[in-house]
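Below sits a lone chain in structure tokens, taken as the form predicted alone.
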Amino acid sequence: MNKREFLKSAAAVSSFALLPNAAWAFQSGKRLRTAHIGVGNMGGEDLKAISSHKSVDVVALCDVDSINLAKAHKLHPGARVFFDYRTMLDEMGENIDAVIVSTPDHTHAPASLKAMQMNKPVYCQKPLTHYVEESREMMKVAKEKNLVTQMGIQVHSFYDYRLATLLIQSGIIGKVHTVRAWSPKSWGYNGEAPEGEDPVPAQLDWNLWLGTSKERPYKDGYYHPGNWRKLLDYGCGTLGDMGVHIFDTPYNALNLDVPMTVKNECREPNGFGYPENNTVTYEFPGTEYTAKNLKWVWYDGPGMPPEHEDLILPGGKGSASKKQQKDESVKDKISLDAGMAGAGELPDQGAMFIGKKGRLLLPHFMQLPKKIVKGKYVDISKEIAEVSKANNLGEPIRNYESEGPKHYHQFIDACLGKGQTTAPFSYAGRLTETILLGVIAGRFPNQTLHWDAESAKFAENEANQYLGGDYRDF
């Protein structure tokens, strides 16, 4: 099926049975029956976190890998198991209250939209979609059906990120004119596409793994289970992986929409894998928290970020080792001295806000933000205390086991009519679109692309072909 035909079908179905969140929650009762699409690796973590909610009953499990499926079924023996999410939704639709999508990126939209067509709330892993057109359609359907939705960016609900958002919005460094964010991870591949094919492992349904993407012979070590993020047809590179997490807080704090321009400095495209190093520069229209325009620079890959005056810390510069990062986290936990710990070295991953009244460093993750003015750390313990008290943040938490499930439980509670999600598709779709525009810019190295948010098109017509793609019948 052509992708546009699929999206048109989704839009048609979305015009029926529109129920408000509260009405849906009342109908579903006091417990939530969940179906999980993808239960290996991150899908296994999602299953663990969702099922830890006291009001959840896991009723269906789906995975294209029988080993993953068997492990998950051992934990939830009462659930029915499936290889094909379409079969699961068709057979169990009336017995499912919410759907969790934890598949490779290229399957996010096809699986989520089918569930949404059936009026099911959806929790979908990041990035929300593989294509911009899909992201826009998922926002549209979620709005028309008034569905509870949440994108899987768990750190969105962590203490330090919520704190940083509130500090920025309080004006702690004034209007922000630049953000620099980075990760040295490399979900890229600069080599050639593999030749030949290998036998498909007995536990894997390769056709279902490919899903709507084009036909391709299986090659061991390139796709399933772990390297698909590196490849154009399935993942979104480092920008679509770590970038979503690290972009999230500045994007949310500054109340940004999609950018006006984007430029990616990287190698020439090879038609198979993403570049191993990317420097992506965005220009955003201003908001109440920024200068007239905002410049945003993202760095990923080995050796990133490069040295830059915006990233010089008191006492030194450069990237911290994992041991240094861990030591800083421990110091934060022990002293919580308003972000004075960790002088000299940049955290391994993070973001720097540059404003008119100084800079705010936000390490990734589970470390307090740190304010820098004229080359020195500034004590912000008073500001942290005031913001925390005013917003009921409580004390800083440094325990991933307790923090991790919060984002998931927020989704479950919203489905049951208790509160709202903080990363619904209305937000997640815009964030994902921003990310994907940077990914597309990697196909046009060193060229500035101009984005029209209203028409959802580039001024450079040759780039528009990458906003979507055809869906294979499978």
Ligand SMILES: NC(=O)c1ccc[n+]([C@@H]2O[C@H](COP(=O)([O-])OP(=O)(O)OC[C@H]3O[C@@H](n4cnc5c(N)ncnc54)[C@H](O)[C@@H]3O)[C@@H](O)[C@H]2O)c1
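Note that the structure is a prediction, hence the values are computed from the model and not measured. For every residue, the number given is its place in the sequence shown, counted from 1.
Beyond the structure shown, there is the form predicted together with the named molecule, which is absent from this document and is the topic of what follows.
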Answer among 437-445, 409-417, 422-430, 42-50 for heavy atoms within 4.5 Å of the named molecule in the predicted bound form: the stretch 42-50
So in the predicted bound form, does His108 come within 4.5 Å of the named molecule, heavy atom to heavy atom? yes
Decide whether Asn277 counts as a contact residue for the named molecule in the predicted bound form under a heavy atom distance cut-off of 4.5 Å. no
- Any of the heavy atoms of Gly243 lying within 4.5 Å of the named molecule in the predicted bound form? no
Is the gap between Pro225 and the named molecule in the predicted bound form 4.5 Å or less for some heavy atom pair?
yes
As a check of understanding, the residue in Pro104, Pro121, Gly188, Pro363 with any heavy atom within 4.5 Å of the named molecule in the predicted bound form should be identified as Pro104
Answer key, the named molecule contact in the predicted bound form at 4.5 Å (heavy atoms) among Arg180, Arg229, His73, Arg398: the residue is Arg229
Mind checking whether each of Thr238, Gly273 and Asp300 has a heavy atom within 4.5 Å of the named molecule in the predicted bound form?
-> no
Contact check, 53-75 vs the named molecule in the predicted bound form, heavy atom within 4.5 Å, ordered by sequence, gives Cys62, Asp63, Val64, Asp65, Asn68
